[in-house]
Structure formats: C-alpha cells, structure tokens
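Shown below, as structure tokens, is a lone chain in the form predicted on its own; questions about how it binds or moves come after it.
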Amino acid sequence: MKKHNKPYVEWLLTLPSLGWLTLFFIIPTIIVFAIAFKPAGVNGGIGEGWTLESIRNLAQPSYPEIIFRTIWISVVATAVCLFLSTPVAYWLALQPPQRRQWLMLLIILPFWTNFLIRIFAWKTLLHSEGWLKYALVSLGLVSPDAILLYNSGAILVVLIYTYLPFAILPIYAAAEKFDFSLIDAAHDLGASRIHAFFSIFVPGIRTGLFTALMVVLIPALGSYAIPDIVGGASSEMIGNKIAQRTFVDRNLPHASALSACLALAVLIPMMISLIGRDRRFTKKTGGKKA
C-alpha cells in the first residue's frame, strides 16, 4: 500500500514547484517564441497573422558582432568567477563555523545595496576623473589618456563583481559537504596541495561548479543594465538590442525573436549537458534507477 501511494506523494510534493515553473517560465517562454512569428504592428506592438519576417531580420550585418561580444564577455566573466570562487569556497569550508558565518555575511553584504546603485558606483570609480584611474596612473599601470569606462573591459569588470557572490555560494554549498579527509589521504600518498586540489577537490564539487556556471552564465548572457550604464554604444550586448526593439522601436516580434535565440543559446547547451550526465550515470549504474 505504501509503495502504491509513493508516486502520488511525490507528485503532491512536486506540484507547487512544477506549477511555479509552468506559470512563470514555460508559459512565458512559449508566448515569446509565438510572438517571434507574428508581424509587427503598424503603430507598434503585435500585428495580425503569422510571418517569418522577424526571423529573417536576425540576419542584419550588425548582429554577428553583437552576438560574438555577448558570448565572449559572458564566457570570460563566468570563467573568472569560477576561477576566483573555487579557492574561496575551499578556504571558507575549512574555517570554524562561527568565523564562517561572518565571512558568508561579508560575501552577501553587497546584496543589501540596490543593484543599480552598485553599477553607478562602478561608473563613478571608472570615470576618467575618478580616484581609481588616478591610482592606476600613479602606479604607472595605465596611461593618462586611457579610458576605463564605456568599453567591453568595463562591462567585464562589473559583471565579475556582480556575479562573483552567485558563484561562491553554490560552490561553497558543495565544498561544505566535501570529505576533506580525502585531501589528507592524498597528501599522505605524496600528492602536492595543488595536485590534490585539482584532482580530488574540484571533481568532488562538480555539482556546485555546474550550478555556479549556470547561475552566472545565464544572467550574464542576458545582461542589459550593466552594458547600458558602463558599456556605451560601441559595447552593446544582446540584452541592449532586445530593450531597444521593445521600448524604442516598439517592435515586439523582433525583440521576441532575439529573446528566443538567446533562450535557445542557453537551453540547448544545458539540455545537452544534462542528457550527457544522465547517460554517464546510466552507464555507471548499469541502467539501474536509484
């Protein structure tokens, strides 16, 4: 009897989250994909009928450069966040519980400040008359005529600053559950600290690394406010084009087509990764379900 009721209990427990995902993720995504095949209205908005015009408009000459810029900035920002957050999470997991709580508080402290205020603070820091440029010029690291603002480098720096805590938290959650006696055993067998870190610790927290990868890469790809405030016209990303087509041109089908492409760019690699992981798990367990 208990076995018979188990699937129903699982469905009841899953229903709230499934309903939330359906209402706020699946249905809006379907609507966005549907609008991409609608014509633009004469006075803005959505017209009647169906067309491939918005899809064909994605072949504009300026889009390949913007797409390439969006991808490389997002990938580099994600890679740097993972590179910096992994040793931080390792160090945090080794700290005493009381000290760990205070350190975690410092990591999440930026969340207490409004997101836009933090971006404008970086705009002030990177300004041509800001103290950061003055310090770099004094140290001889940049020339007096260097421009720190309104370029891809400024976007990259602010993206890393913004999403670094999002990378630390899931990696730390995985590192906290890691069995550090494995590191000690590796040291006893002659492995160096670096070798033990990369060969034992990093594979042991791969779930946290994958989660951090997703929570940084996905919002970075769709970032709009950061490139708009510190990037300038020559450093537009896909998010800026979507906002421009929506609020300035009022061409919702074109904005939806861009959003659909961005969604596919995120969902397809994620699905391939999940399918590959399921296949590896199936081979490892001999096809048996847990």
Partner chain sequence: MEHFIELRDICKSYGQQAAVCNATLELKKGEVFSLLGPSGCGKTTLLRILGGFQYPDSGRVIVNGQDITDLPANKRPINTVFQNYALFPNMTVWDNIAFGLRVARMTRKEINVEVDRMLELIDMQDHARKKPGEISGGQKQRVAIARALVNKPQLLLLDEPLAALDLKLRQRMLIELDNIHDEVGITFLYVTHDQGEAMSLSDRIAVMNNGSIEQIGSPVEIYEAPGSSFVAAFIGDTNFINGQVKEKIDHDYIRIELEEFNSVLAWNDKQLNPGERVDLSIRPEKFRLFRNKPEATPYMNAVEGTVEDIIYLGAQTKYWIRVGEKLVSVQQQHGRFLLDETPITWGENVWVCWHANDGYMLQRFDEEDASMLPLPPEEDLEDDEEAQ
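Note that this is a predicted model, so its numbers are computed, not measured. Positions refer to the first chain, counted from 1.
Separately, the form predicted in complex with its partner chain exists; it is not shown, and the next lines address it.
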Candidate stretches 71 to 79, 198 to 206, 169 to 177, 139 to 147, one within 4.5 Å of its partner chain in the predicted complex by heavy atom: 198 to 206
Partner proximity in the predicted complex: A186 to its partner chain, non-hydrogen atom cutoff 4.5 Å: yes
S181, heavy atom within 4.5 angstroms of its partner chain in the predicted complex: yes
Contact label in the predicted complex: P96 to its partner chain, heavy atom within 4.5 Å: no
Exercise: S192 in contact with its partner chain in the predicted complex, heavy atom 4.5 Å: yes
